[in-house]
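Have a look below at one chain only, the form predicted alone, in structure tokens format.
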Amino acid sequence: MDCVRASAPQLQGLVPYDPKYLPAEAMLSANENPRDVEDSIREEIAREVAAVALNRYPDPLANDLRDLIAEANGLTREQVLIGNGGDELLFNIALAWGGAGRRMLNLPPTFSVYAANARLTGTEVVNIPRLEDFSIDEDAVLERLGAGDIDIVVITSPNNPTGECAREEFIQRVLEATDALVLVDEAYFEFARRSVLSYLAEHKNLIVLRTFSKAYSLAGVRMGYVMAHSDVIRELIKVRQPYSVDAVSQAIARVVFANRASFEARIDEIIAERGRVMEALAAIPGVKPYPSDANYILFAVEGADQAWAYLYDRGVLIRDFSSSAMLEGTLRASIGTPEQNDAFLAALEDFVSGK
């Protein structure tokens, strides 16, 4: 037949996630580490990958990597689960704790994938909008949790795209106020040097998500992990796709995680550059940067959409949120190398000055 019946109703009107990944000289749009894995580690990776039996299925649960992560964080293997990037794990959480008749508490503006996953799984989204300065409306969140009908709470710390960490005291109060699964997305925690993982020992409803994509320069490999109570991990294993993390990715991640200390200098450089770029943005007339604990800075500027196009014409790709709800008039720039950051700042200064 020259037709096909309609797809599932929850897909109608859903806009696919689009990172607007375009070629540019300075790639400052996707919050990646601007520096690739160093040569000595790549050589070790090559040896490990060469030993992978490509004709065999991988370890379904990546247990060797689970053991490495567990040991580094004072946990057991049963408290760690590996995923094909953090994205797979976010969808698994929606599958396992969401569904028809269930509710997810969301704190927009934040990562749009949370709400998209809820929609795909038939989960109702309860939004508690952030305040004007993008901080969490803590009282409103705690009051809403008092109804006792929330199944998943999502707190991104640092928040993407606005940049700041949630207050640790607030997260502790949330954990004490509800039996909902409380997901703390710490994809950027290495740049904040702050984590709530220590609360896992006393709160069974906490799950912490992290990734290799940012600090560890492995955005192209797709590797993420969650840490939680073993009972929570067992439920997630029920919904995950078998063999979702391939053997080559597992080998690469094992090498990188074993060598994670070598990434510290690069992380320190990004943190230092974040401070420098923040000061430079604040000094440009008409530009308002928002505080950031991550490897990116959200800022407001008049004519933000024109600014984005102007920068792209100058070879600098940043992220345009100027038409997004609650983010109108804003752009987000990832922290790149000093040279890339200089190119970004120079182009933005030229735009503002009308050159």
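Counting begins at 1, following the sequence as shown. Being a predicted model, the structure only gives us computed values, none of them experimental.
Another form, the form predicted in complex with a small molecule, is not on view; read the next lines as being about it.
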Going by heavy atom distances of 4.5 angstroms or less, which of Cys165, Val141, Leu209, Ile270 would be at the interface with the small molecule in the model of the complex?
Leu209
Of Asp87, Asp151, Glu124, Glu78, which one comes within 4.5 Å of the small molecule in the model of the complex, counting heavy atoms only?
Asp87
Of 143-151, 253-261, 211-219, 173-181, the segment with heavy atoms within 4.5 Å of the small molecule in the model of the complex is residues 211-219
May I ask you to check whether Leu107 falls inside a 4.5 Å heavy atom distance of the small molecule in the model of the complex?
no
Mark Asn73 yes when one of its heavy atoms lies within 4.5 Å of a heavy atom of the small molecule in the model of the complex, and no otherwise.
no
Is Phe111 a contact residue for the small molecule in the model of the complex, using a 4.5 Å heavy atom cut-off?
yes
Is there a heavy atom of Phe191 lying 4.5 Å or less from a heavy atom of the small molecule in the model of the complex?
no
4.5 Å heavy atom contact with the small molecule in the model of the complex for all of Asn63, Leu65 and Asn92:
no
